[in-house]
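This document opens with one chain alone, in structure tokens, the form predicted on its own.
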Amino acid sequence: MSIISRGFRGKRRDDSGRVPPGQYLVDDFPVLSAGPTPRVPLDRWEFAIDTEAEQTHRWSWEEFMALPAETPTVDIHCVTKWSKLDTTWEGVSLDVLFEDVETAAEYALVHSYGGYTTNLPLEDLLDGKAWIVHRFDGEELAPQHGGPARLIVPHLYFWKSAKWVRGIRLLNEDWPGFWETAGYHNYGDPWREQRYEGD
């Protein structure tokens, strides 16, 4: 089974200054996954934030959908060197989800249905920098793109924007995720070309 979609085609140069070094533009939306696509029924979906003090904040799909939504339009950049500009999503800001969360943690480990994980500094999820989204380009988020809901952290390489997201564990120490333990950069800033460990 291929991990790259058949719709992956075309390389375009960009002269707008919005594309990081070493990237090229695509018009389609390539699909890259580390394993099979989880299928999560909405009546069994939940999202949870677990603090370092073992407090859990949990939302069902119905509760999540009742939260105030935003429609960010952002550029996204994949570590495999494609970029897609002006992508439009709909979802809930992490600022909303963290409103009642008391924490002194500095790190977050995001985990997904299917077992995927990725790590980020907590500050990279707050202050309008990240969303849990359920719609893309005006339509429900397709399973191959992370539906029913995925994380979007557009200022970092796209592997940090975990598909099929199910929760965030807050930690006092950094804990590498799936790709980070396989040699990818721990942070993943596309403007600094932080693709792999040592970059």
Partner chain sequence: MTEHLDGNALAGPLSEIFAVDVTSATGRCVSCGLAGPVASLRVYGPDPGLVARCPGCEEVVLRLVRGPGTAWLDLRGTVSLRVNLPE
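What you see is a predicted model, and the numbers here were worked out from it, not measured in a lab. Positions refer to the first chain, counted from 1.
Only in words, not in the display: the form predicted together with the partner chain, which the text now covers.
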Option from 165 to 173, 132 to 140, 63 to 71, 28 to 36 whose residues, in the predicted complex, bring a heavy atom within 4.5 Å of the partner chain
28 to 36
Consider Thr181 of the chain shown here, and say whether it contacts the partner chain in the predicted complex, taking contact as heavy atoms within 4.5 Å.
yes
Can you work out whether Thr103 and the partner chain are in contact in the predicted complex, taking contact to mean some heavy atom pair no more than 4.5 Å apart?
no
Counting only non-hydrogen atoms and a 4.5 angstroms cut-off, does Glu197 reach the partner chain in the predicted complex?
yes
Any chance Thr88 has a heavy atom within 4.5 Å of the partner chain in the predicted complex?
no
Applying a 4.5 angstroms cut-off on non-hydrogen atoms, the residues of 63 to 95 near the partner chain in the predicted complex are Val79, Thr80
